[in-house]
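Before any questions on binding or motion, here is one chain by itself as structure tokens, the form predicted alone.
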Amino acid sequence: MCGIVGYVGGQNAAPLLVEALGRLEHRGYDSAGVAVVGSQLRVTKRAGRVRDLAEVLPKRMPGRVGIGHTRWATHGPATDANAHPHTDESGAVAVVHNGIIDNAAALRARLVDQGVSLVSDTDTEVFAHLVALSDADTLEGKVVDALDAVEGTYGLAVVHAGFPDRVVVARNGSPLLVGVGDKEMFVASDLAALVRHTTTVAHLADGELATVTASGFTTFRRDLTRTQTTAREVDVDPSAYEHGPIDGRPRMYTEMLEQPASVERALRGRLDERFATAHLGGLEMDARELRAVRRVKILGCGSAYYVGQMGASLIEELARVPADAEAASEFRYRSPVIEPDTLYVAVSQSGETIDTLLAVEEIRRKGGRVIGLVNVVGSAIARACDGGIYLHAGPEIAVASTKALTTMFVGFALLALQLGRVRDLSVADGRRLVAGLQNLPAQIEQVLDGEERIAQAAKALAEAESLFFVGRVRGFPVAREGAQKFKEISYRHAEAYQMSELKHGPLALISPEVPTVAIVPDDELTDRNVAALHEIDARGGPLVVVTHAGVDLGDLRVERIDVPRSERELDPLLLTVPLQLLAYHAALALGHDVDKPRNLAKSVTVE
């Protein structure tokens, strides 16, 4: 979840590192720091944002080799002492680290017994001391010795005053890239940090290390045997990775407005009108293999899990294959039975979510077939899967997912359509769904055009300390995602329930001080949903209802938000978009940083 950068070359490292950290701040923003190797190793770090680090950075911090870090706290609060980089007692070694050292407590105790004075609460500090205590005669050997002592996940970069020409990096479970420039090299945990300087990158694999110097890089394993990892040109638009507000509006707002274009990209070349189906070549499965699938299991975390629930519903409805979604963080810990005729789908915007990646590895270890639904080309999950569907949402910078989530839904709709058409989904239904998918970009535009009314409803909701989001069947995962967005960026307590479950307990909490956001599509359950709204209204609970034009809400006292009708199976996507706007405008009304909500980070790479 933290951001790592590194530089080796002919330029002064410090300003390059700080600029790159600003591009990684969505990965962690409670503290930041840099270490630069010149005539000596110098470290500057500060709790707070990258801008706070920039304010205290010495005007002269010479050195052409350095590493930097922006932190999301795991061990210890956000303080100057806990900020990275961490050093040994002599100040010769500096380390930045993303991940968790599981045996840190035992290592700390061992170091204290050896007379080492620890100055932070972090797990990372032990690694700096382990490197310093190694008697290996190369930096690579010292890093390997330290790695031999630790258990856990890591993406890390190490510099040493005694080896002033290099950075040594290592990966196990947390992403690391090496960027190739002109007589200069870069290191980062995310492509966003590099694109201003290079788009030629090498992705390190788990268990791999690299030595990075100004003239190039070499990769190797812990036994010091060479590996053959090479750099490749990545087709990206560097301007898409620019951080900060655009035209004075937060990135989340811009990304919501990009959703029609993102959906168009996700659909491009994937709809087959002649055969009324979808074509997903990345699955690497022919019709015979698709027909052999007897169950679909979807794995994701947070918003990816909730859109996975929407996807499971789509697959069951269109392909008539049993499907369900599960939190990836729980999956491998219950010793799951991996079935040979089950298709597993791993969902992640970043493609680096550690819980989801570990679930993929568990499935592969047991012989299961798993495909990825990810946004980042070349990411760990994409590489670990047997095939997959790239989202083509474009870089998503705001922590709360919007355009990536909508393209995840589209990916599931395409998968469901392709699975359905190799089974019993009729040509007529296939054509109906192809047309519905083609209409989605324009319909999302219509929802976004209703922003002003949604913003008014959001300001009223922002005044409540606690809210319910409710829906039923197709609407329930929409409600779960709506509650997630609201709590993420407004910091209000928001709980999602099935509409039918209100009378089994939660109705006791309904009052004039507890509003409810209800998802009421025009479908086979409309009458039952409206009856539940009457139960809320009778108890004085304020209501915001996201619905379709023509749905009769009778004499209910509600704030109504209408969305365009799509095909019933695709309605959840259009019902989700206004909930993004509700959360956004509630957070703005409360004065929160919409793009960087407290305690959260964009890519969750620690368990």
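Position 1 is the first residue in the sequence shown; the rest follow in order. These numbers were taken from a predicted model, which means no experiment stands behind them.
Below, we refer to the form predicted together with ligand AGP, which is not included among the displayed structures.
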| item | value |
| --- | --- |
| Partner-contacting position among C301, M256, V144, L177 - heavy atom within 4.5 Å of ligand AGP in the predicted complex | C301 |
| Residue (of E140, D123, D88, E488) lying close to ligand AGP in the predicted complex, criterion heavy atoms within 4.5 Å | E488 |
| Interface segment, criterion being heavy atoms within 4.5 Å of ligand AGP in the predicted complex, picked from 516-524, 223-231, 397-405, 444-452 | 397-405 |
| Contact of S189 with ligand AGP in the predicted complex (heavy atom, 4.5 Å) | no |
| Ligand AGP contact at S348 in the predicted complex, heavy atom, 4.5 Å | yes |
| Partner proximity in the predicted complex: T219 to ligand AGP, non-hydrogen atom cutoff 4.5 Å | no |
| Residue contact check: T353 to ligand AGP in the predicted complex, 4.5 Å heavy atom | yes |
